[in-house]
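Just one chain follows, in the form predicted on its own, and it is written as C-alpha cells.
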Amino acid sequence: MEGPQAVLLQGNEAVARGALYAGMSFFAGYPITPSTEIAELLSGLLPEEGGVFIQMEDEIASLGACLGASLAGAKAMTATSGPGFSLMQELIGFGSGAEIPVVIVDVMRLGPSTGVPTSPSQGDVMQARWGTHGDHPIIALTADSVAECFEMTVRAFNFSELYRVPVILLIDEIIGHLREKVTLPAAGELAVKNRAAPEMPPEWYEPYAGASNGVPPMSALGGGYRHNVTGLLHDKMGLPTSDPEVIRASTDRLFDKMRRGFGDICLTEEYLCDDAETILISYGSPARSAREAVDALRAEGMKAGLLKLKTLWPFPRAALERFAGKAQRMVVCEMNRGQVYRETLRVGRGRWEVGKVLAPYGELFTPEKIARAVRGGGK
C-alpha cells in the first residue's frame, strides 16, 4: 500500500488490512461466524505478501500456533467469536505469563454457548478481562466504525509488541459486518511499532529481566539467545520457581509495565462533554447511536455529552474521573446486561448517578431508544 486509498470495506475486512499494515506475517484461525471474513480475506492476501496463513483444526490450536510463531519472531494474529474465544482462554493466560505478543480478534455475537451466531452482542467484555485464571494484566480495545477497525488493529499490534502482552480487539457483529467508505492510510502514516530486541551479548541475556520501562527485550527463538519459555511462574531466566519473593517481583513487574503505559493505552473520545451534566458512556456500534442521541437531547436543551471508550481494559478510569464534581449523571449504553455499567458504578464510588440503557438480546440500538431512556432517567 503506497498512498491513501478510498475504498468500500467491511469492518472485518478492515481488521485484516489493518493487520497487514501493522506487519503481521502469521495468521492461524478456525472459521466461525461472525468473524470468518477476516480469515477468508487473509487466506489470499497474506501469502501474497510473503506471510503464512494456516487454517487450524480448532481455536485452541489456532492461538497455540500464533504464540509459537510470535516466539519465533513473527507478528501473529487469530480471529474468532464467542465459543472460540472461550476455548482460547487458557492460552491467553499462557501468553500473559510468558509475555508473548499476539493479537486476538473477537467479533462478539449473542451468547452464551453457541447463542445466535448472526446477532450482535457485547457480552464478552468481562470475559476479555477475567476469562483466564490468575492475576494478570490484559489490554482489550474496541472500535465503532470501519475506519476504527483498521486503526485499532494497528494499535493492537503496537501495544502487543511494546508491552509484550496478548491484546484483544473486541468488535461487535454490527461493526464486523458494517460496510463504509474509508480512506486507508498511506504507508508510514500510522506508526508501526516492533518489539525491542536484546542488544547485550547472549551470555548476559536474562529473558525476563525488566528493562527501564519494565518490558524485557525479546529474542526470537533460534536467534542465538537462550530463551526458556514456560507457563510456570519463573525467574529472570525463565526457569520455574516457587520462591514467593521471586514470584512477587515477577508478578509486580507484569502489572507495573502496564501501569506505566496507562496514559498511552487508555484511549477515549469525548463529544460535547465540556459542559455536560449527563454523559453517555458507550463503545462499539451503540456509540454511534449514542452520539445521535446526544444531538437530539442537545436540541431539546439538555446538556448531554458522549464519552466513547476505545480501550476497555485497562478500564479508562482517569477519563471518567475527569468529570467528578462536574457531570451529575453517567448513562452507560451497551449490548449486554451491564458489564461496563457495573465497572462505572465501581469507579464512581457514589460521585455521580449511574444509569444504563441496555440491548442484551441481539436487537439494534437506536438513538431514539437511548434518548427516550435518558429523558426518563436512564435506569
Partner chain sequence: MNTLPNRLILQKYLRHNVHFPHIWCPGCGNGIFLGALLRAIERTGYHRDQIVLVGGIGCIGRATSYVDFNTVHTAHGRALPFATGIKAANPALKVIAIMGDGDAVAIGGNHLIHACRRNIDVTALVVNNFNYGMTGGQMSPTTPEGARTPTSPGGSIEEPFHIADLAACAGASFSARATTFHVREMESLIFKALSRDGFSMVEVISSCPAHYGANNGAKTPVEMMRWQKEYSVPVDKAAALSPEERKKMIITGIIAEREVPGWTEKYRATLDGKREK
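Numbering follows the first chain given and starts at 1. Everything numeric in this text was worked out from a predicted model, so none of it was measured.
The following text describes the form predicted in complex with its partner chain, which does not appear among the structures shown.
Using a 4.5 Å cutoff between non-hydrogen atoms, Leu91 counts as a contact of its partner chain in the predicted bound form. Though the partner is left out of this view, His234 does not reach within 4.5 Å of its partner chain in the predicted bound form, counting heavy atoms only.
In the predicted bound form, at least one heavy atom of Met56 sits within 4.5 Å of its partner chain. Although the partner is absent here, Leu239 is a contact residue: one of its heavy atoms lies within 4.5 angstroms of its partner chain in the predicted bound form. None of 68-76, 173-181, 156-164, 192-200 except one has non-hydrogen atoms within 4.5 angstroms of its partner chain in the predicted bound form; the exception is 68-76.
Scanning Ala319, Leu41, Ala61, Ile32 against its partner chain in the predicted bound form with a 4.5 Å heavy atom cut-off leaves one residue, Ala61. For the options Lys257, Lys303, His227, Arg288, the one in contact with its partner chain in the predicted bound form, meaning a heavy atom within 4.5 Å, is His227.
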